[in-house]
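Just one chain is shown here, as structure tokens, and it is the form predicted alone.
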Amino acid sequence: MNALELHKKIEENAGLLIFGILLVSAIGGLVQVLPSLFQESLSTPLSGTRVYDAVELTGRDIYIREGCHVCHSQQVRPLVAEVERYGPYSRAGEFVYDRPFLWGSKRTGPDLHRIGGKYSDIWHEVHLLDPRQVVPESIMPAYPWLAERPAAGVGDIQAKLRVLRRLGHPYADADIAAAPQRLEGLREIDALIVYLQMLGTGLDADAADAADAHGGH
């Protein structure tokens, strides 16, 4: 049977056609997934990368719940224009403790991976409650309810930390025991701001550049 006859037979047989599509799709998926399973940089945290504490993790959950990741990416690409605008480009080792990843691809608003420390806590609070007060041309919606809800009501923080520890995040028993107390008296907006203020701050750019150069030889 020549190639033309085989092609015709596959086209005329729905079962063979479906099998062929699934086989090709599976091969394509494995080509993308398998290398990441053996790439050490994807599972090894950088020297300044740490797990989220109870407040940061709660803020991150609020960030996801409110859909902030839909309009803001968290991935500075290694391009001159990106680095000049946002800061040092993102490294894989910075995201080891991110579940799920919030890299994103759409930028209705600016990338936030290096937002930590760029503005004051007060600026962030005003921006979240009434974005036009600090950025007149902003199209971002306001989030007034964040100032009314307690951060402790977001979910069972101890259960989250226990699950993450099973997944390999190095939380100690003391971290889990103290988690509810860390959230006492905080509003959702407070936790979200704490999360925003730590984004991208764990990177030692010079050390990362040196490691990249060493790895490239």
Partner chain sequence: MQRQNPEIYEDRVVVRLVQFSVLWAVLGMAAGVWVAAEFLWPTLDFGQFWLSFGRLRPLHTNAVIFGFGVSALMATGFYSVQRTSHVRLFLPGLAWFCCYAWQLVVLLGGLSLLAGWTSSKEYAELEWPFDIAIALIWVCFGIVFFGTIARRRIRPIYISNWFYGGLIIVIAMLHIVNSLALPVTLDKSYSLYAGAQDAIVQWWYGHNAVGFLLTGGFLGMLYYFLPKQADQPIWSYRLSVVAFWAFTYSYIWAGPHHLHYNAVPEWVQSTAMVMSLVLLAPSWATLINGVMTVSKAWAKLKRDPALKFIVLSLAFYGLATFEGPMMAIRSVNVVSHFTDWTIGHVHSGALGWNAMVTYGTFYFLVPRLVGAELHSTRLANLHFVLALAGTLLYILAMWASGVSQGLLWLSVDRLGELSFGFRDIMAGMRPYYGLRLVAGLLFWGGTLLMAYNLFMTLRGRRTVAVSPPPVAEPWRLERGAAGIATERARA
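This one's a predicted model, so the numbers in the text were calculated from it and none came from an experiment. Just so we're on the same page, rigid core means the largest C-alpha set that superposes within 1.5 Å between forms. Numbering follows the first chain given and starts at 1.
The protein also exists as the form predicted in complex with its partner chain; that form is not presented, and the subsequent description refers to it.
Student: Answer for residue 172 alone: is it within 4.5 Å of its partner chain in the predicted bound form, judged on heavy atom distances?
Tutor: Heavy-atom contact with its partner chain at 4.5 Å: absent for residue 172.
Student: Can you check whether residue 99 is within 4.5 Å of its partner chain in the predicted bound form, heavy atom basis?
Tutor: It does: once its partner chain is placed as it appears in the predicted bound form, residue 99 has a heavy atom within 4.5 Å of it.
Student: Would residue 201 count as a contact of its partner chain in the predicted bound form, using a 4.5 angstroms cut-off between non-hydrogen atoms?
Tutor: No.
Student: Taking heavy atoms only, is residue 126 within 4.5 angstroms of its partner chain in the predicted bound form?
Tutor: So residue 126 does not count as contacting its partner chain.
Student: Considering its partner chain in the predicted bound form, which of 150, 48, 28, 180 comes within 4.5 Å of it through any heavy atom?
Tutor: Answer to the contact question: 28.
Student: Only counting heavy atoms and a 4.5 Å limit, does any residue of 46-73 reach its partner chain in the predicted bound form, and if so which ones?
Tutor: 57, 61, 64, 65, 66, 67, 69, 70, 71, 73, in sequence order.
Student: Do you see a C-alpha shift of 2 Å or more at residue 198 between the shown form and the other one, with the core held fixed?
Tutor: No, shifts by less than 2 Å.
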